[in-house]
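Given as structure tokens, the chain that follows is alone and in the form predicted alone.
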């Protein structure tokens, strides 16, 4: 590694011959596109709603200041200084840390498999959104065409379209089912799109990122303007951000805030290191780290405003329909004139009837209509996009147009994240030079995309969504926390704080202040260690479970909670710890190699006469 104050690495290591960004905007948009992903849309709003609205912002901002931004600064600075991918960076810092780079490479490969499958689902819904009426607005007719499919009527139209017509999901993870041809075709399409966008690395993604990174903000703005004009938007936003300070006493709030920051910024994947390696050596990486981190967090807040303005409208619509059904039941039972009971009068009338005719009211089995109950029915992850939001769109005039915009936004949002993920895979391969030089970069990219496509076909089986959930829960959890801890320790304690600060001063023109040094030296490592131990304790307290869509379940349409079979648990453990094994394996291999080298170079001692 170059000493502080010296120029970058030689040309063969990626110095002068290394590709460069066309301009600073391309680099910033690529980092923002990689960091801002689907989690900003369907994870952050859910956490805010779950943990006391505005109160959740307190641990979130603390985690951002003492965990997210400092770690992000390290990745951008070390990638820019060494001008290599993740494997090359950590091998250059210390050969014993090379396993961190290989581990990040492995995690990025595994994440790319299932993350692009989410885009498959999005693409399928996007294509179906051009129909009018939307295919999830009504139940399909039964075989005799005398009624509707019973499973659909027992659940809901959106649930049936998602679980049966899209996934055709099995009732148990042990039953793999067959390949869903429509999803397989979408999978081919998605990997072709990814390949065409990353075919020449930053030379091609730098062009595509202008659209994929900016289009989601345009759509979010359109949805926010529309959402604020809908009835119930105020209730949704009030419910989202009303602070409930007592929730801060729950340790899980602080853990979820820290992990949300960590995964939202895409730390320890290696993508930001790869992106930064294409920067000019004298770029101000400190300023970039702060800007990108703040844009990412503000995007989460902006998305929350949009999502919950729409969710408030949906909850208000469901609440009014609930009241209307109850009112009609009372009118029919007590022979009231039509429209004689308004929604405002309903509580008073119901109280009077319960006092005078409780038996007759009890026979009606009226629903408990509370606006808060409908607001509570938010969801995280695919449930928000493919169940809750699709149902909300049905209540909006011009539903098809809004569905096209929404799923088009999700597709471009996920696609820009895939750019960084693929860069985390391809850049280390190019830096290591393990393939023959006669294979062009386009060929290497094609081989990587083909390998990812073949491995990800398991997710288009009928049981594919169960396996995607397993990958999502176990691949990017403990692995990345350990890699991030190794990154901090490797840079600050192995490479050295003084040397690292000298490099930053050479690149930016100023030395890191006390805030950066304290967080790197003490706060961030301790915070990462605490998060890791907390995650291990939570996993040990409750065996992993999954929820199966089983029409034979007694409480259908509720999903049946099941324990994973033993062989599936073994797979979960393998996914959670396989990438980590690179760290001790590479370190041990380096140790043995150096011992062997010392033994071979020792001069032979002549025997005593």
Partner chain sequence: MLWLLFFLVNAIQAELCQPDAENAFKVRLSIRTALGDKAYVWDTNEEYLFKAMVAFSMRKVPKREKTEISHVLLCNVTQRVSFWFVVTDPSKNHTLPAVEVQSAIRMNRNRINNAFFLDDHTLEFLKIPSTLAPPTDPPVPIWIIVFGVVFCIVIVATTLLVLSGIRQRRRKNKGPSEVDDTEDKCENTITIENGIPCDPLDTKGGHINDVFLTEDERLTPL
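Residue numbers count along the first chain shown, from 1. Since we're looking at a predicted model, the values are computed, not measured. Whichever C-alpha set is largest while still superposing within 1.5 Å between the two forms counts as the rigid core.
Just so it is clear, the following notes concern the form predicted in complex with the partner chain, a form of the same protein that is not shown.
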{"item": "Residue 600, heavy atom within 4.5 angstroms of the partner chain in the predicted bound form", "value": "no"}
{"item": "4.5 Å heavy atom contact, residue 244 to the partner chain in the predicted bound form", "value": "no"}
{"item": "Distance check, residue 513 to the partner chain in the predicted bound form, heavy atom within 4.5 Å", "value": "no"}
{"item": "Proximity of residue 130 to the partner chain in the predicted bound form, heavy atoms at 4.5 Å", "value": "yes"}
{"item": "Stretch from 199-207, 344-352, 447-455, 78-86 whose residues place a heavy atom within 4.5 Å of the partner chain in the predicted bound form", "value": "199-207"}
{"item": "Heavy atom of each of 251, 367 and 556 within 4.5 Å of the partner chain in the predicted bound form", "value": "no"}
{"item": "Among the candidates 358, 147, 509, 397, the residue which, in the predicted bound form, approaches the partner chain to within 4.5 Å (heavy atoms)", "value": "147"}
{"item": "Proximity to the partner chain in the predicted bound form, single hit among 331, 529, 154, 494 (heavy atom within 4.5 Å)", "value": "331"}
{"item": "In the predicted bound form: members of 562-586 within 4.5 Å of the partner chain, any heavy atom", "value": "none"}
{"item": "Is_shifted residue 291 between this form and the one not shown (CA, 2 Å cut-off, rigid core)", "value": "no"}
{"item": "Core fit, then residue 507 C-alpha moves 2 Å or more between this form and the one not shown", "value": "no"}
{"item": "Rigid core superposition, residue 449 Cα moves 2 angstroms or more between this form and the one not shown", "value": "no"}
